[in-house]
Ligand code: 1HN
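Here's a solo chain for you in structure tokens, the form predicted on its own.
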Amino acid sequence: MSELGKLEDLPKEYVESLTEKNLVPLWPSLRAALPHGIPARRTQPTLWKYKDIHPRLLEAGDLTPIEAAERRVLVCANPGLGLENMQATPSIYIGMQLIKKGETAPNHKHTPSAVRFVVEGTGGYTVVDGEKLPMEKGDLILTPAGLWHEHGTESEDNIIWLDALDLPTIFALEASYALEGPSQTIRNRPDKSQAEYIRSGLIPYKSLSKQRPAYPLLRFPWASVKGSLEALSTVTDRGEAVQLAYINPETGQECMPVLGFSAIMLRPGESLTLPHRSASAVLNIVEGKGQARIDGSELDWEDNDTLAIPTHAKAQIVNLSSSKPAFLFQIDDAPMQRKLGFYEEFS
């Protein structure tokens, strides 16, 4: 492999003439942009402990009324990427959001796509284009790009959920913005997870003769996901992942275009080596206690903790309980990488 020329090898007058015309020589920086073998990575394996987030999020609820916040969120920022950039990985934004008793987060829509994964509380709801979606622990709620959505609660509980957005990608494209709107009129009927898409393999018959909607199912109840994981675990060999993907029930494809979502069950005492791949990921611990080993870092996790896995990382997750299963929710950027044509898995 030949040695590339350095910037200091070029005459000062030549470099200044390039700068004056907004030009830059590529070859001195080529290896920084296109390193050999593995990408240059700044993302660090990072753990955000819920016991650290929770009291500070409640304090934020006392310090800042929802009217002044619009969305009351603490962002999980990866130190390797710079806290000011609000990135868990280069393509994934993660935040923890709080709605207190009697509050509503006002109606808006935006260009980034978002999901809400409920961490704590009961009686919350999200309204997406007039469909009222209950929010119970572990439920996944989609708020895709361009769809109006607002949040609220009808209980005495605080509601806390994890926000996951493709915001870093949309922001980098200089395409990120939001619009505010009046509160929505709610359709007086159960959400589609309770009425139209109750069982896998079955869709409304009318869908066969119509153009299929981009987002037919906006709520994935955790009760159904957990039961399906438990059933799958009985027919899955040890060492093989007990993992289910959240998909569009009309198409069988990922339920969102940029980020992918899945649920993982670790049986008691089970250790799982995650695929060595080009995608980055974030894991939220729904329940359980264990350890993640990511590129030599050891991170001990428990209920509601969140951790980041860089691209190209070698990662293993271990359930430290010998009697109880652990359940994890995964966010990754594999759908975007597949669409862009560079997704890889390595042996």
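It should be emphasised that the depicted structure is a prediction, and the values quoted were computed from it without experimental measurement. Numbering starts at 1 and follows the sequence shown.
The same protein also exists as the form predicted in complex with this ligand; that form is not shown, yet it is the one meant from here on.
In plain terms, the part of the chain that comes close to this ligand in the model of the complex, with a heavy atom within 4.5 Å, is 161 to 169 out of 225 to 233, 271 to 279, 161 to 169, 258 to 266. At the 4.5 Å threshold, heavy atoms of R219 stay clear of this ligand in the model of the complex, well away from it. Although the partner is absent here, N248 sits far enough away that none of its heavy atoms falls within 4.5 Å of this ligand in the model of the complex. Although the partner is absent here, Y93 lies within 4.5 Å of this ligand in the model of the complex, judged by heavy atoms. Taking the partner from the other structure, this ligand in the model of the complex has a heavy atom within 4.5 Å of a heavy atom of Q97. This chain appears without its partner; in the model of the complex, the one residue of R238, R212, K101, H108 with a heavy atom within 4.5 Å of this ligand is H108.
Applying a 4.5 Å heavy atom cutoff to this ligand in the model of the complex picks out H149 as the lone residue from 135 to 150.
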